[in-house]
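In the block that follows, a single chain appears as structure tokens, in the form predicted on its own.
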Amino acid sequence: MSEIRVLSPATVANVVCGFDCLGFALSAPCDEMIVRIIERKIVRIVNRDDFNLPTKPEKNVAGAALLSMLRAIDADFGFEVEITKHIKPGSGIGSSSASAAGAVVAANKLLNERFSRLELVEFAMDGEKVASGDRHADNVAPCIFGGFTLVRSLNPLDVVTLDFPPLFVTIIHPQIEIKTSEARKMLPAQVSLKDAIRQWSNVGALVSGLQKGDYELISRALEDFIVEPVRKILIPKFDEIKNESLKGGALGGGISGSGPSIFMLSETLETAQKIEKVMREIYEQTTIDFNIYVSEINSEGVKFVN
């Protein structure tokens, strides 16, 4: 194979109570990427969109991830990657992770699946560090593994894939910018033991609800006592979106990643589409542009296409 084309999906990280450890993949939107092996021992970035992202590989999330992979094999060749982004940077639905994960999954296919998916997450985390300043896996893990994932540990890396029932997500992306690095600065340096216990209990309950397909338990577990209270002030109409979505039948939801996107999970597509209308009506009363996505949870992750 001379080149590989992939669709790399958006993701939701944190999933309310699972800060920096839980995430899931969407079916849409997806970034389109083509990766080729080239003779020179370099990484060449070709952007096919209007976002003006860096083309220097060490400053580009896909480039940094591929450089990490090349170092691991002491290669005498390089990669060229063409990127057409459909996931807007700064949207809170894993734009950087889609680029980093898609690049290494495609490159690994060209290398005859030399690396495991866990190793690919490690490379992709080096790309994520370019975007946020930290190596974290709650977006790249579901992007690579698909479905719901729990990152039990970063050192050593331990990713747990979770069973889950049919679920649909509605996401509204207000066209405002919240940088991940800035959002992380808002986080409390310490939390009370009481809040920590409530948060741990909800993470355990959410995992159990997913595994058993218990929608009522999933709904009860989607509470965040630590991150959401301090970050939601950055997102206009957050409380109204969440409260009206719950009234409309959503199971629950919250901030996607560091924002500004807001996600709500539903048991059926019909309910998810109803929540779309709820979100649209609320934001049409503002002067803020927005996008809305309705998607089933994507169990495949990065997808190879002809």
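Numbers follow the displayed sequence, beginning with 1. Note that the coordinates shown come from a computational prediction; the quantities given were computed from them, not determined experimentally.
What comes next is about the form predicted in complex with adenosine-5'-diphosphate, which does not appear here.
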Could you tell me if residue 90 has a non-hydrogen atom within 4.5 Å of adenosine-5'-diphosphate in the predicted complex? yes
With the partner left out of view, is residue 94 within 4.5 angstroms of adenosine-5'-diphosphate in the predicted complex by any non-hydrogen atom?
-> yes
In the predicted complex, does residue 199 have a heavy atom within 4.5 Å of adenosine-5'-diphosphate?
no
Answer yes if any heavy atom of residue 61 is within 4.5 Å of a heavy atom of adenosine-5'-diphosphate in the predicted complex; otherwise answer no. yes
Partner-free chain; cross-checking adenosine-5'-diphosphate in the predicted complex, the single residue of 251, 67, 34, 53 with a heavy atom within 4.5 Å is 53
Picking from 150, 167, 131, 205, the single residue whose non-hydrogen atoms come within 4.5 angstroms of adenosine-5'-diphosphate in the predicted complex is 131
Only one of 70-78, 206-214, 96-104, 232-240 sits within 4.5 Å of adenosine-5'-diphosphate in the predicted complex by heavy atom distance, namely 96-104
